[in-house]
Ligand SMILES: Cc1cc2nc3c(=O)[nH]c(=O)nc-3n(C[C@H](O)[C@H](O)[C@H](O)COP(=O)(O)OP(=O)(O)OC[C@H]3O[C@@H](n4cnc5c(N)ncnc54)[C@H](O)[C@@H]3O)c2cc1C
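Coming up is one lone chain in structure tokens, specifically the form predicted alone.
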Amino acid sequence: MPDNIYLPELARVVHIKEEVAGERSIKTFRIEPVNGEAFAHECGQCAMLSIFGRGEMMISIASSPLIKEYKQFSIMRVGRVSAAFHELQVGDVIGIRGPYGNSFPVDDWRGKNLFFIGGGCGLAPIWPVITTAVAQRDYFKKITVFYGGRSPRDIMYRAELEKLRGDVDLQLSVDKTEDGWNGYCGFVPANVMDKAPSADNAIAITCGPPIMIKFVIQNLHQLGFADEHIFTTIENKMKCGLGKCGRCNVGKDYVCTKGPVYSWAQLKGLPEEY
């Protein structure tokens, strides 16, 4: 991080992939530093991305820390700044600063079964953990990925998910089926209950729409998962990244400095503002 904590480094867009089309489209951007090396980060951390003259936004880093060449970000078009990002072309230069926030305690999970449960764009914040665990496959026992979208066309990272088959137990689902879909039809929490993963020696990591997380955690409790073995991220509450502006507070916590990664044992004691 530079001496001026607000000064971004320059980075160039080297790859753009449209993940999901439509009104709330999602694009994945890979960026490389213009000068020097990219900053190191850990799973679960975020970065501030800026388009000069258009604005800046805090985004979770969607690439594994094991990848040194680039940083990856998946951005849903939901507002003015995100719309500006969707107008970018390969070769454009943007600003980046970070990393910000705490991280998932991946090293503490070695020797355990890992269950990842994501919905919609919520796959991006936990994708670094999934890909890091797969890259270090010998350190973990069974790895299962539950992920769902509204329809088959709304499943992001589709090709990358399919490549994981064999290394992980992949459980895809859609809320509404279409012709050609042979997977589970129903909401993600229902799919979790249908497959009933064992809580024995297991960690559950979840991210997605707040209503999904609510019912996922309820179902995990029914399956016997303890609060301290359930983790999520509230990266949507990250603002300046530094705890300076005060807009990230959830009760007594400044998420920019305390979060965004929490166990449910930590998070359930905070006001439901996330």
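Not measured: the values here are computed from a predicted model. All residue numbers refer to positions in the sequence shown, first residue = 1.
The following text describes the form predicted together with this ligand, which does not appear among the structures shown.
K.L.:
Given that the partner is absent here, does residue 232 sit within 4.5 Å of this ligand in the predicted bound form, heavy atoms only?
P.N.:
Contact check for residue 232: no, nothing within 4.5 Å of this ligand in the predicted bound form.
K.L.:
At 4.5 Å between heavy atoms, is residue 60 in contact with this ligand in the predicted bound form?
P.N.:
Heavy-atom contact with this ligand at 4.5 Å: present for residue 60.
K.L.:
Is residue 145 near this ligand? Define near as a heavy atom within 4.5 Å, in the predicted bound form.
P.N.:
No.
K.L.:
Report yes if any heavy atom of residue 132 sits within 4.5 Å of a heavy atom of this ligand in the predicted bound form; otherwise report no.
P.N.:
Looking in the predicted bound form, residue contacts with this ligand do not include residue 132, since no heavy atom lies within 4.5 Å.
K.L.:
Okay, which stretch from 32-40, 217-225, 63-71, 233-241 lines this ligand in the predicted bound form, with non-hydrogen atoms inside 4.5 Å?
P.N.:
Heavy atoms within 4.5 Å of this ligand in the predicted bound form occur in 233-241.
K.L.:
Out of 94, 174, 75, 203, which one falls within 4.5 Å of this ligand in the predicted bound form, going by heavy atoms?
P.N.:
Looking at the other structure, the residue within range turns out to be 75.
K.L.:
At 4.5 Å by heavy atoms, is each residue in 46, 79 and 121 next to this ligand in the predicted bound form?
P.N.:
Per the other structure, all of 46, 79 and 121 touch this ligand.
K.L.:
A 3 angstroms or greater change in CA distance between residue 248 and residue 236 is reported in the predicted bound form. Closer or farther than in this form?
P.N.:
Closer in the predicted bound form, by 3 Å or more.
K.L.:
So the Cα-Cα distance between residue 263 and residue 238 shifts by 3 Å or more in the predicted bound form; is it shorter or longer than what we see here?
P.N.:
Farther apart, by at least 3 Å.
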